[in-house]
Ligand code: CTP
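Heads up, the chain below is alone and in the form predicted on its own; it's given as structure tokens.
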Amino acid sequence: MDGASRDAIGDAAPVPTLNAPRAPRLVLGVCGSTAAFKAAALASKLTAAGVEVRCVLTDAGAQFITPLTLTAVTGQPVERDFWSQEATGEIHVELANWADQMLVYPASQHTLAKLASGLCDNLLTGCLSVFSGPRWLAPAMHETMWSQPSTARNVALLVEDGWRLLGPDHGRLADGSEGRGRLVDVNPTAELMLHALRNPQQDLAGTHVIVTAGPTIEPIDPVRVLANRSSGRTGYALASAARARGARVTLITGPTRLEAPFGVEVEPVESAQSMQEALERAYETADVLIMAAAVADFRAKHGATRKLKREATLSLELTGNPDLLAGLALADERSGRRPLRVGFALEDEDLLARARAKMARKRLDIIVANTPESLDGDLTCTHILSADSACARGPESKADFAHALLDLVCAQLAERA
């Protein structure tokens, strides 16, 4: 069984609120696991963000969390079985018709086995068996259970059948050991489900999206570096949003204090040169490239191998870093293919004119123009420019900006198809 988490209702970071004509609807299945208490935190967070959540609790799940707790955080009665006094015998069909998506959080080893075999012996498996929309599974169990060959076969079959898997994570388990089997934490799950409910079409499914993010740092000596103020939040928001829309995402990131977006392949780098090398490795299969990193323009020409001592005067000679997009243009010429390319222009004057010039010079399909104020905080103001359009946005959350930009990316990909 999965270990206890430090998450508690209301102690995690806020998630974006959805604006929709009708509230998104989620059926949340809760199975038997020590981690079942996390379901209350997740249901509370999603409900606060405007999602209608109806919980289906298995008998084993009810040993770990009470129906009253789930009712209290969702404002909805908890469904338990086919044959309750209130049920009509068709409650599984009614729930399936009501829901936009379904998530089992946590999903036990036993439930995974039943779903892989097509068994339908309780209300949760009944709901899932008649639901035709997106179905998500977040397994939670001890590592020895997760590593069983039978569990691996069941999970592989479920994924092949179209189920979407969240985790499990590696971490502390219920018995105090470390291993894989820990339920994915509340925050990344809530963020992913909000994005998925917002974009159920999965319009980036089958695409490989590369996102660069954060600053690069250039060593002066073993202690000191040249750096910039980029937080990486915009790039991380873009990676998370692209993953939620079905893309395979590679996030190439300079040093940040941000948690890696769930389900995203993360490649940490430091210098502009190491980012260039990571880009060249990933670029061959890319369909979309989003260059959101703040790459340092200069580096020390002669970095010191030992710590520089304080002196009255110190002269630091700089040299230019490689133009990452220019190098990728050569790869385009060799391969005969060209991913859709998105760049960023950070300017403190002549914003739009300079962005247009950079767009032409770098042969970008889309460019995002913003000012240095966008480096800090959770809100951003931008101009999104393409060859035939310009749109001023904000102030808005970086998550909302990310989806607006990806809407344009998807439109341009559709034109190419």
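What you see is a predicted model, and the numbers here were worked out from it, not measured in a lab. For every residue, the number given is its place in the sequence shown, counted from 1.
Beyond the structure shown, there is the form predicted together with the named molecule, which is absent from this document and is the topic of what follows.
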What stretch, of 180-188, 293-301, 246-254, 69-77, brings heavy atoms to within 4.5 Å of the named molecule in the predicted complex?
293-301
Does any heavy atom of residue 325 come within 4.5 Å of a heavy atom of the named molecule in the predicted complex?
yes
Would you please decide whether residue 343 lies within 4.5 angstroms of the named molecule in the predicted complex, comparing each non-hydrogen atom pair?
yes
My question is simply whether residue 284 lines the interface with the named molecule in the predicted complex - judged by any non-hydrogen atom within 4.5 Å.
no
Partner contact for residue 54 in the predicted complex: the named molecule, 4.5 angstroms, heavy atom:
no
Quick check on this chain: which one of 347, 161, 90, 277 has a heavy atom within 4.5 Å of the named molecule in the predicted complex?
347
